[in-house]
Structures are given as C-alpha cells and as structure tokens.
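Below sits a lone chain in structure tokens, taken as the form predicted alone.
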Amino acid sequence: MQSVDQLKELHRKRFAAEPAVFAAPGRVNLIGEHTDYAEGFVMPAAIDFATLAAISPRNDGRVVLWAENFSEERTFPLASLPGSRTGEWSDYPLGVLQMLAADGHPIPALSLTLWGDVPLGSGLSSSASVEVATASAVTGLLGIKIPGPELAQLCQRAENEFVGANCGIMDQFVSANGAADHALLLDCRDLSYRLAPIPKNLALVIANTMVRHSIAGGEYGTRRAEVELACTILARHRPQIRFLRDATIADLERWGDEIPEAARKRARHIITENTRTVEAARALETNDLARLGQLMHEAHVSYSRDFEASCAEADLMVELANKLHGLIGARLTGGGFGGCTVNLVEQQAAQDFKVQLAANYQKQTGIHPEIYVCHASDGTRRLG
C-alpha cells in the first residue's frame, strides 16, 4: 500500500488543506467464477493493494479531483456535476457522488486526491477500489456512516448506471467488507456473507499471464445467454429453479438431453462451482488445506473445460504452478480468456515460487508475467 504520509503531503501541497485519508483494497477471487449472475456464491479476498483517497472541504463551490497515478486534475462546478459518463478516469468518483446525491446526501465542495497501487488492467478490481475509497472519503467528510453492504451496492450502482459497466456486486462488496487474513463467502442472492480464515502462513500469489484475448467481451455475453437458456429449460420441469443457483446436478442429469451441449456444459460448471465455493469456505474454516487445493484445481478444470473460458496461457500458468514447492492450490481467476491466476502458497516459499513461476512461464511463452505476492486485507477504512 502507498504511504499515507506521502499522500497527505501531496494533498497539502496541491490544495493547501489538511486531509483525512481513507483506503479501499483491490481484490482477488479465490473461487466462484461466473456464479454471481446465477445468484450463487463467490469467495474473494481483499488484498493489500489499495486506492487511497485524501479529502478536504473547499469553500469555492467546486469539486476538484486529482489522480496522482495519471498526474491529472478534473474540476467541476458543484452546481453542475456531469450527469453521465465522460469517458475519463473521473467517471468513477463522479458516479459515486451522483449516487450519494440520488440517495439524498448533499454533496459538499471538496478536494479529493486519489493514489493507488492496484495494478491497472490486472483484473484485481482497481475501479471498485476507487469507487469504494471515494465513497468512504465523501461519507467521512459528511460525517455519516453507511454500512458496508449498502456502501457496496451504492458503488455498484455508480459503475452500472453512471460508468456504464455491467459489473456484479462482488468487487465492491469485498472492498467494503473484507477482513485481514480472511476470505469472504458471499451469497449473491441476498448479500449475506461470512468470513473464512486464511492461515497466516499462507500468501496469495497473483500471476498475470499478460494475455487478454480479444474474444473476451463477446464471449461473456454468449456465456450468459447459454447459462440463462439452460436455466429456462430446467425450470420447465422444476418451476422453483429461478436461477442455476436453484438447480442440482441431478436436475441436469435428468433433463440435460433437452439442453444444447454448450449450454449444458455451462450449467454443469455453474452448478458444481456453487457447491465447490461453499465447500472451499468450509475447508478454510476447518484448516483442511489439502481439500481446498483440490477444490481450486477442480474449479480450474471446470472453468477451462466446461465453461471454456480459459486459454492456453492461463492453463499453462496453472500447470506450471502445480509443479512448484509450496503450492496449496491454483486456478484462473476473473472473467476468463486470459488475465490472472490466483495461487495459494506457503508464505516461506512464496518468493521462490514467484521467481520460478515467472521464469518457467517466460521460457515457454516468451512472455514476461507480472506476479504479485500479497495477503488478505481489511476492507475500506480510515487511516491515521
């Protein structure tokens, strides 16, 4: 995480004001992929890469946003904040301001400095961390407290309705509600959750394949349509199946021959992934790391073969990780078709694991990966 003292000094020099500082972490999903829109379960962890937000009041009727990472400032009259996206980085904090205003919270004139070390474009959810950091900072300035689950929903609305990105709730939820040394099992149906302890002697090693295949955007829509088709067909037989969350493997075995093969495979992934995700939380709670590793392996195989959302580079990264000392479990994480793998690794082996994985991957692909060693972090909070 970036230095709080440095950020305060940056803000003081730029705005001649003493700020309050808030942090909101990025995240990695340990298990539970493409289950969110089936009202299923996900199990992410907040990580110790974060966006910091320094905030102070103004008296000139303006909202001034400074992004240290981009060395860019955006200034807006408080009386006429943009009502729709501009296509700039400022859309994320502006969206949060608009959602707060829509909920009846008066937006004051303010100066906001944003500074983060969540790697951009890595799939670790830098956008959600910006939204949650902004929301925490502005509500802190207003002197109000919004419970974590509600804060997450507000930030999701900012991204859905203002930024125009059709994201689920997971990223904002764990950024707002995560806890150090814990994963968070989230029920995407009712937003109930519980924390599952990650042993302190384990590290999260996130390996970026540096590959993002161009089919990812279109294939996401195709996968969702296939999931919904399978659900519709199963619901003809069992009307209580509103989402694949409600279906079982027995349902699929009984009526699967009515479902096109691709949709049937997608449904099998969703149904089994929900079961795996709940069981993975139980494995953490009982410190059954062997079972957790097995579940992560099964999740990757299902994601690759049934959901068909992996790629050669991601499969190779997982294969190479499985050969290294200290690994508990490895799998592709995120939207698929490239991106990052998540590896649960014994802490004492984590640095060697990182070096060897990078070298082996580069040797076979010619691509130098970015690999981050991190740990489960607290959710959003005020610092200092």
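We number the residues from 1 along the sequence you see. None of the values given here were measured: they were computed from a predicted structure.
Keep in mind the form predicted in complex with alpha-D-galactopyranose (GLA) is missing from the figure; the text below concerns it.
Engineer: Under a 4.5 Å heavy atom criterion, is Leu204 part of the interface with alpha-D-galactopyranose (GLA) in the predicted bound form?
Structural biologist: So Leu204 does not count as contacting alpha-D-galactopyranose (GLA).
Engineer: His34: heavy atom within 4.5 Å of alpha-D-galactopyranose (GLA) in the predicted bound form?
Structural biologist: His34: yes, in contact with alpha-D-galactopyranose (GLA) in the predicted bound form.
Engineer: Whether Phe243 contacts alpha-D-galactopyranose (GLA) in the predicted bound form should be assessed with a 4.5 Å heavy atom distance threshold; does it?
Structural biologist: Phe243: no contact with alpha-D-galactopyranose (GLA) in the predicted bound form.
Engineer: So in the predicted bound form, is alpha-D-galactopyranose (GLA) close enough to Ile169 to count as touching (4.5 Å, heavy atoms)?
Structural biologist: So Ile169 counts as contacting alpha-D-galactopyranose (GLA).
Engineer: Mind telling me which stretch in 196-204, 94-102, 244-252, 169-177 gets its heavy atoms within 4.5 Å of alpha-D-galactopyranose (GLA) in the predicted bound form?
Structural biologist: Selected range: 169-177.
Engineer: Let me know which residues along 134-160 have a heavy atom within 4.5 Å of alpha-D-galactopyranose (GLA) in the predicted bound form, or say none if there are none.
Structural biologist: The stretch does not touch the partner at all.
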